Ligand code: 15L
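A lone chain, given as structure tokens: the form predicted on its own.
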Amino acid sequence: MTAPRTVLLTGAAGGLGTLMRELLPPYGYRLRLFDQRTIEEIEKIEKIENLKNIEHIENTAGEPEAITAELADKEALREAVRGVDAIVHFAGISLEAPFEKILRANIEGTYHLYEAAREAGVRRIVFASSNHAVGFTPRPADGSGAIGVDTPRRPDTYYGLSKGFGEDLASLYWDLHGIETVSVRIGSCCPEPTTVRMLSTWLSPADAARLLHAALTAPDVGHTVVYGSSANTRLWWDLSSARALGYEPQDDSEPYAAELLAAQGELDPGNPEHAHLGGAFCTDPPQWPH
């Protein structure tokens, strides 16, 4: 599969979306941005509020196209997916929330996106799954990278449950409709790790862009599940399925280890928060603020 020219990036105003707005275009992608919030950081963006009378979204100034809408807005989604070569789906709630909110944003919203993709003939999606789909899996005692993508799903939250649903939905749409998906169980994507747990789960922004590029361009992925992490010395899970796509991580959390360990100490296997992959999501999950 040749590199897509135009990629729809949902959740473009979120934390990960904000990072990828800067890091994906150098790989040759023209982004179309979708979020329920206006993306104020981008100057001179085209804000679309009423799509009913618009025949085609066209950007002649070279700035990213931007659509401000919710995933429940089926008309906006149809316009967003029209003419794109692939979709990177980050939109949704990224922490724990009441089930009703998770249902609307993460479960129904992902279904609406796949339906829009099917109707438009889009054949490649990269879905932002999460390590929290397997959050209650016991963590390895060391950085053995032993946990594979075939480990049974053990979600730690309604949020993690929704990511398992997204993986299954992707599998269904591959089998029924031939839409290929790479589901990326993202670890902790941020500029640098801030906890000892993140020494094992960290995905640097630069490696995140490398992984997305591999997921967008690898041939014949069907439905593939991969873990999203850098090449961390203390890595808990197996990156072989990601590497099979052509992903070559360049970063390692180890340079941050001494400072974090001095401040926080080693993980304690007797501490329920430290005993599982999901960390605090298994004991006192952070709540979505909205």
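Numbering starts at 1 and follows the sequence shown. These numbers were taken from a predicted model, which means no experiment stands behind them.
Keep in mind that the form predicted in complex with the ligand is not shown, yet the notes after this line are about it.
A heavy atom within 4.5 Å of the ligand in the predicted complex is found for exactly one of Ser200, Thr110, Ser162, Ser130: Ser130. Only one of the listed residues (Thr137, Ser171, Ser188, Thr217) places a non-hydrogen atom within 4.5 angstroms of the ligand in the predicted complex, and that residue is Ser188. Listed stretches are 144-152, 102-110, 180-188, 73-81; the contact stretch with the ligand in the predicted complex is 180-188, by a heavy atom cutoff of 4.5 Å. In the predicted complex, the ligand sits within 4.5 Å of a heavy atom of Leu95. For the partner-free chain shown, just Phe281 of 253-281 comes within 4.5 angstroms of the ligand in the predicted complex, judged by any non-hydrogen atom.
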